[in-house]
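Given next, in structure tokens, is a single chain: the form predicted alone.
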């Protein structure tokens, strides 16, 4: 068993520590705030874009990264409060039978997680071809809320509509949910696509994402975590931070850095370069999130 600092060594530290919330703070090598106070309210693990069922040159070892991630999370002496997969659990297929087979295989692999609370949202690869029908058979609702230790979590579905919209019905549901909250409530939103126009030419946007942001803007303490773009990315909409997670299948290029959206070439010397997942430590009272970007090790 490993402790959380050893987890960084096991998985391989793959990014920067990024703090989001009402204010920024420094993190030292000992894991303390600049003030010396430990941030230990709770933490969760975000994994995204596993694309189970994918095969091809961008990742000849596609069947190993998800299993390695499950093993890495299980190795922690202190388990996260929950794990969430933010979409594209499986790779798209036109065959409804194959889609359900991949969803079942994904479910069985992640069932090996020791964490009792595992949550999911769909990606367009899981849900856009059948409006989430198969996904819901295995994982339930595509959007929902839950509360945990002083934070209100909202999951949004911006993929079941093949046009990449949240839709009026779900936006009305979101509005109703938010109306019950105080303006200083601590809110975390999970979604697959970005809610802002990162790069619409590559489908890196939500067509009515601005409507969701308009509903969220009056609330002082909101943070958004998403996937879809297969890379770490941080963005601010006013006072609301957005954090994209890396993929567990293949990295994609920086928006607009090449003519077409295509996976970055496989590097046999660094087979898991650009892949990873993240640990998010919530310091609830000051509403801060300490994000540690983690990568998969080859051995």
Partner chain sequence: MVKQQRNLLWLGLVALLGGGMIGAYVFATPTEQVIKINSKKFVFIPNQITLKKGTPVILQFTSEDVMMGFYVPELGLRTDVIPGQVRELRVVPEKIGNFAFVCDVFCGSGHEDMNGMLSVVE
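Numbering follows the first chain given and starts at 1. Only a predicted model underlies this, so the values are computations on that prediction, with no experimental measurement involved.
Omitted here: the form predicted together with its partner chain. The next part is about that form.
The stretch in contact with its partner chain in the predicted complex, judged by heavy atoms within 4.5 Å, is 254-262, chosen from 56-64, 238-246, 254-262, 269-277. Residue 207 is the only one of 119, 107, 207, 211 with a heavy atom lying within 4.5 Å of its partner chain in the predicted complex. This chain appears without its partner; in the predicted complex, the one residue of 170, 221, 92, 75 with a heavy atom within 4.5 Å of its partner chain is 92. Proximity of residue 151 to its partner chain in the predicted complex: non-hydrogen atoms within 4.5 Å are absent; the residue sits far from the partner. The closest heavy atom approach of residue 178 to its partner chain in the predicted complex falls outside 4.5 Å. In the predicted complex, residue 163 approaches its partner chain with a heavy atom inside 4.5 Å. Taking the partner from the other structure, its partner chain in the predicted complex has no heavy atom within 4.5 Å of any heavy atom of residue 141. In the predicted complex, 125, 128, 129, 162 are the residues of 125-162 with at least one heavy atom within 4.5 Å of its partner chain, listed from first to last.
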